[in-house]
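Next comes just one chain, in structure tokens: the form predicted on its own.
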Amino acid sequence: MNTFKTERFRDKQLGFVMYLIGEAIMFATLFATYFIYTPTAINPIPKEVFEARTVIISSVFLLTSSATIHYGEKAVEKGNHKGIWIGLLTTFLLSVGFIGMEAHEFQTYYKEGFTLTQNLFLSSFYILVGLHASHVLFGMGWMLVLAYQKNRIPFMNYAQKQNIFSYYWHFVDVVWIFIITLVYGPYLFY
């Protein structure tokens, strides 16, 4: 890569890091809102709503996908095209599993009568976890675009795009770790 292209890629990386900082501030605001309203004076309380099995299975799906996208990153560095496909496909399938578990969780809560408007705890919970799920859905769409572009653009351009995507995917995983630790954890695992 020549100096101009290297500098241009560094600019893209810096721009994306700035975007992720904005996203982090948005999630921090939603976490703060959740803490202000949880637990609430009006039932239900989190311990009556959360189910450990769903949280554990969805966490396994999403956190494992961080390892598979890392595998894909390493494959890009080595120019291993088969490894790139394996990393991208397994990450996508694991994200499908995660979204399926999130949909199951929300559907179960809804059937049990725990709705968005029932109290402030549930409202802030659904907005925080739902926004995270929407980020995973966006990432799934991004992976489809990467798969489409894989053999249609120069490899160096593809490598940069996958590198930037990896930042996004690891960010989404880190936010989930905070959700497990700070939202579910105090009511399920302690």
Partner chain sequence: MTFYLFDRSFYIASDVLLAYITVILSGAAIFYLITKADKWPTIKKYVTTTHHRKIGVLYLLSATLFFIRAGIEALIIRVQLAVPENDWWVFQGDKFNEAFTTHGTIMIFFVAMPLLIGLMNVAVPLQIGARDMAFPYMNAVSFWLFLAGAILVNMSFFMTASPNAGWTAYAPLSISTYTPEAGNDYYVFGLQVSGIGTILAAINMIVTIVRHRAPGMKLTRMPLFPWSTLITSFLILIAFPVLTIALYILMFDRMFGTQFFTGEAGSPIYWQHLFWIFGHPEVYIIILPAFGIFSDIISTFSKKRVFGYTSMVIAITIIGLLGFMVWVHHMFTVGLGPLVNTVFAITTMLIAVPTGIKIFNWLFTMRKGLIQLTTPMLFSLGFIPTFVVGGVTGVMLSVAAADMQYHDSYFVVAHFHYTMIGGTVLGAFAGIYYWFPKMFGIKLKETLGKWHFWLFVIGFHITFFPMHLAGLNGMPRRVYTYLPKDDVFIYNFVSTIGAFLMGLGTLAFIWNIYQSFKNPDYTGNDPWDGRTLEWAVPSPAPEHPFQPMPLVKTIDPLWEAKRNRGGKLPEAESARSAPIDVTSWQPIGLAGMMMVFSLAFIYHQTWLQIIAGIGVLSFFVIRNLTDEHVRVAREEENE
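Computed from a prediction, not measured in an experiment: that's the story for all the values here. Numbering follows the first chain given and starts at 1.
Beyond what is shown, the protein has a form predicted in complex with the partner chain; the following relates to that form.
The listed set Val60, Ile127, Ala52, Ala67 contains one residue whose heavy atoms approach the partner chain in the predicted bound form to within 4.5 Å, identified as Ile127. Taken together, Thr90, Gly97 and Asp173 are entirely out of contact with the partner chain in the predicted bound form: none brings a heavy atom within 4.5 Å. Using a 4.5 Å cutoff between non-hydrogen atoms, Leu182 does not count as a contact of the partner chain in the predicted bound form.
Contact between Leu30 and the partner chain in the predicted bound form is found at the 4.5 Å heavy atom cutoff. In the predicted bound form, the partner chain sits beyond 4.5 Å of every heavy atom of Ile177. Although the partner is absent here, Ala147 is not a contact residue: none of its heavy atoms lies within 4.5 angstroms of the partner chain in the predicted bound form. Heavy atoms closer than or equal to 4.5 Å to the partner chain in the predicted bound form belong, across 143-164, to the residues Val145, Tyr148, Gln149, Arg152, Ile153, Pro154, Met156, Asn157, Lys161, ordered by sequence position.
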